[in-house]
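In structure tokens, the next block holds one chain alone, the form predicted alone.
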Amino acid sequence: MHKNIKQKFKSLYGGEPTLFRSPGRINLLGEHTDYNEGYVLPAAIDKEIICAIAPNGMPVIRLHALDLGNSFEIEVDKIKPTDSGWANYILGVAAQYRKMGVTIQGFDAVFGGDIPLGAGLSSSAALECAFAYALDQLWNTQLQKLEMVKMAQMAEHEYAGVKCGIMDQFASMFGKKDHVIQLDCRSLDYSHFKIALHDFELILCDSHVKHSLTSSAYNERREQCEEGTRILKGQFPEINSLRDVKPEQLIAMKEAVDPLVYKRCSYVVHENLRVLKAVEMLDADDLKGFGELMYTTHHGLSIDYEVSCPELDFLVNFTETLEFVLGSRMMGGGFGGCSINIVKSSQVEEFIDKISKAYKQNTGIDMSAYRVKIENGTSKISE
């Protein structure tokens, strides 16, 4: 793939570019905990964005999206959000450098990748991180990776208009081969934990549905969590977010909290505990126990947090009849997207065949499946 991107760069702009890569991400446990200052357990994957980039000596930025066949050009002193959706992710990153006082210079870039769009694998975060890293190298700003992660997040906030958490960009930048990242979304402290899959693989099942509730439901869930936190803080002043809540504190306040708010808070409190338990299981090489936590998380997301949908529930519930699947759950914000599954390697083809046919018969929708491996984070490509 990177050879095609480099060749396209040369045909469009001439010269020798430098190549960089940044991966998409999965999240094994810790869903909807990030905005409650909790814990998440993401990992970078072997599907990535690759960009070829070089300074052009002109006061202009020239971009080309290989997979879309689209080009974009803008003067460096006129960087602003545009109608070209994909260009905003790159311009937003360049704008963050300008905010830091870095003199923006003209550059040419071509990018492409193999991250499935709309599958919840954070192709936008990968694109932002690829360019945050590439521009750091291009302009020799010598930034720390965490600074670049924060810049990539702000690019999404300010230019793409999505008030995302920091997990996606963090996982893309800090990924480590065959390891998950336990990230504390309050302090941004993190640790890598080896995940030994042995004779199992990670398989994503793409439901190819996206229900329109996502943004409104997301905001509603945040408000419900904040309401629960306010009530709990009245009784327990040390509580500043659901991250601080112990299960017994929540139970003690059950009568004072709206039943729906209680369900939302209960899910988040227990999901944080599951992430902490999960890394203990990885240390103990207990993949079966880890998979059981995934099922428990899905049940919480579906019943208590109510961000699943019939299609995702079908995909997860179907796997419970298959002895070669250790764990399954919906992944991402909800109401569509992918399920993530731990499947015995020797039966992956059988798994994909069975679940695809059953899903088609049940929903009338064709499912896609992706085999993913856990890879390193953002880096320069050495040719």
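So that there is no doubt, residue numbering starts at 1 and follows the sequence shown. Keep in mind it's a predicted model, so treat the numbers as computed, not measured.
Just so it is clear, the following notes concern the form predicted in complex with alpha-D-galactopyranose, a form of the same protein that is not shown.
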- request: Give a yes or no on whether each residue among 32, 218 and 333 has a heavy atom within 4.5 Å of alpha-D-galactopyranose in the predicted complex.
  value: yes
query: With a 4.5 Å heavy atom cut-off, would you call residue 164 a contact of alpha-D-galactopyranose in the predicted complex?
result: yes
task: Heavy atoms, 4.5 Å, alpha-D-galactopyranose in the predicted complex: which of 190-198, 244-252, 273-281, 164-172 makes the cut? Say which one.
output: 164-172
